[in-house]
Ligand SMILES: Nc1ncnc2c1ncn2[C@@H]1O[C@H](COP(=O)(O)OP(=O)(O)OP(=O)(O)O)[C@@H](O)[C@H]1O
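We begin with a single chain expressed as structure tokens, specifically the form predicted alone.
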């Protein structure tokens, strides 16, 4: 895969030189590849949100570089405004991004600012709304009259309508019930599969990221502590716990089986994976490795 975003020795401090200054990023070197579904995990205050807000120039680093397709986004002549159409960010509690009179106008805001024709804007609004499961019956409503889950979908649709090359979502399922979270996660995964876009998902939910991501990066105290596939990351539960993180519930089940003397893998991180291993265990009379 080609590299689409890269950070080199990225540093950021909140508070500047004040006595209350706090280091948020401390030398982040990270490559994000085209088309991958990248999960960023870490405890509160580990630097995840600060990091993703650098990727489209919302924050400027104290030192270091952010490269988009090899170009320094803070170099003279680089057009940050254009980058924000290509690297779309859905904030935590994205319903706070809603502000227009109607849902349709809210979704249309980004495409209109791209200078597209009315016909193209209307088509993008229609497609984005359908993609996230918003029907025609809500398009003329105020976004503030929607349910919590519908507001979340409307905000995501507003970013998807710009057809970004990179879609960044900061805790998109926070506060939703399990079914609502599952629906939104499925829609995000479908968007990636159909569009070929890169997705960067920031989350505290281990079950969420285990089901969706191709690759995980663990943040801790403003640094990258771990980087690998879900199997590699969740196969080190003791290290995750030392970093203040949990593991998926299904992983805990298999860890307990191992403690009871049953020879099973401990890198199980999804129910589907667990089901396959249990079936193998039953077929082989208790031996899974």
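Residue numbers count along the first chain shown, from 1. Not measured: the values here are computed from a predicted model.
Not pictured, yet referred to below: the form predicted together with this ligand.
- Stretch-level contact check against this ligand in the predicted bound form with heavy atoms at 4.5 Å: of 28 to 36, 237 to 245, 64 to 72, 42 to 50, the positive one is 42 to 50.
- Taking the partner from elsewhere, residue 171 is found to have a heavy atom lying within 4.5 Å of this ligand in the predicted bound form.
- Shown alone here, residue 92 lies within 4.5 Å of this ligand in the predicted bound form, counting heavy atoms only.
- Contact between residue 10 and this ligand in the predicted bound form is not found at the 4.5 Å heavy atom cutoff.
- Using a 4.5 Å cutoff between non-hydrogen atoms, residue 204 counts as a contact of this ligand in the predicted bound form.
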